[in-house]
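The chain below stands alone and is given as structure tokens, in the form predicted on its own.
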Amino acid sequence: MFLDPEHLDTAQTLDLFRSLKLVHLAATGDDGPVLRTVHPIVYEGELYFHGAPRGEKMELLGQPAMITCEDVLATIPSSWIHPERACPATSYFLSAHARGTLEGVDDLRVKAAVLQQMMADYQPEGGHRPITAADPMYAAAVRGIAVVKLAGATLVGRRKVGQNRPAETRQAVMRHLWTRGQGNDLRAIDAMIDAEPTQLPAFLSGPARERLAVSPTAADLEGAVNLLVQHSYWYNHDVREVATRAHRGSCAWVVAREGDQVVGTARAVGDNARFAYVMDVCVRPESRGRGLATRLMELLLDHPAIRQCQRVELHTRDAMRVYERLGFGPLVDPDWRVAMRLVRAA
């Protein structure tokens, strides 16, 4: 359920716990307050962690506790808000808080399932035999390790991304974040838009009001790969895994969305200084002919990882005019493709 721009819904809150590999556990023990770091495990909508069967955390069973985490996105200098007035720097972040009672898990099937979920989260590439309570290789370990549940948990997720600022201030901050382009700045931009979708800045708006995203999500990755496999001439179903790895390894990648559907994608690889190579520019057939590919390319060429590159190259066989309008020119290539290059002044 969507609450308001300040709050994350339950699914978003659990996703935040799931994405952060270390969180804080706070409770009160016999000797006073206890604050520890644990690995969060989200299983069937509940929060768990694991540990040694004896120790300080196990002495907290039955006690009320809180698990919290925060994902810091960006620090906003005061000069972005006011050209002269000094004020403490503002941090944009997402946070999640879960309050409940610590409860030991005795059911071996549940313990094994929670531990297997942890392996799936922390080692998604596999390389291990799945954990089950009945497997002789794991039976003793499942019995011996402690798994703790935060029972009856109340979840609260919050975001602080300038949503209470005037629209013009938020627009200016997004532009500054795009210009700076460091750390999680691009994620901060998309988080700001998630909080206030109606305040889409012009540089992230497509020709038909598509939303251009500069920090694509896991769902965008699946959508972009599907788009390329279905509608490009250079990919086929046999290279889906290759396309996935390639996008994850790109230094710059932008997508266009209509609702939750990816309708355009473009990426580049490069060294952030001298050279970049544009790849996998694709727009859904129904969205072509209205300038979306050009908007994606303009955004990609202005990406913080690309904009300083002195030379940008690409290969194409059927979209030369799109790239010529952006300043690219043809090169001699003995292959069937047309090589094009954009050379920028040093």
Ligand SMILES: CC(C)(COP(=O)(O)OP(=O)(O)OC[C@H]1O[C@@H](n2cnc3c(N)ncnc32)[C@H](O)[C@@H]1OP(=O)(O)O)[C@@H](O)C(=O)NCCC(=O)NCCS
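One rule holds for the numbers: they count along the sequence shown, beginning at 1. Owing to the predicted nature of the structure, the values given are computational and were not obtained by experimental measurement.
Just so it is clear, the following notes concern the form predicted together with the ligand, a form of the same protein that is not shown.
Among residues of the shown chain, L61 is not one whose heavy atoms approach the ligand to within 4.5 Å in the predicted complex. Interface residue remark: K57 is not counted as part of the site for the ligand in the predicted complex, having no heavy atom within 4.5 Å.
None of the heavy atoms of A65 is located within 4.5 Å of the ligand in the predicted complex. When contacts are judged by a 4.5 Å heavy atom cut-off, V34 does not count as touching the ligand in the predicted complex.
Proximity to the ligand in the predicted complex, taken as a non-hydrogen atom within 4.5 angstroms, holds for one residue of C309, L299, V283, L47, which is V283. Here the chain stands alone, but in the predicted complex its contact with the ligand, taken as any heavy atom within 4.5 Å, falls in 314-322 among 314-322, 37-45, 300-308, 24-32. Shown here without the ligand, the chain has V281, C282, V283, S287, R288, G289, R290, G291, L292, A293, T294 in 281-298 lying with a heavy atom within 4.5 Å of that partner in the predicted complex.
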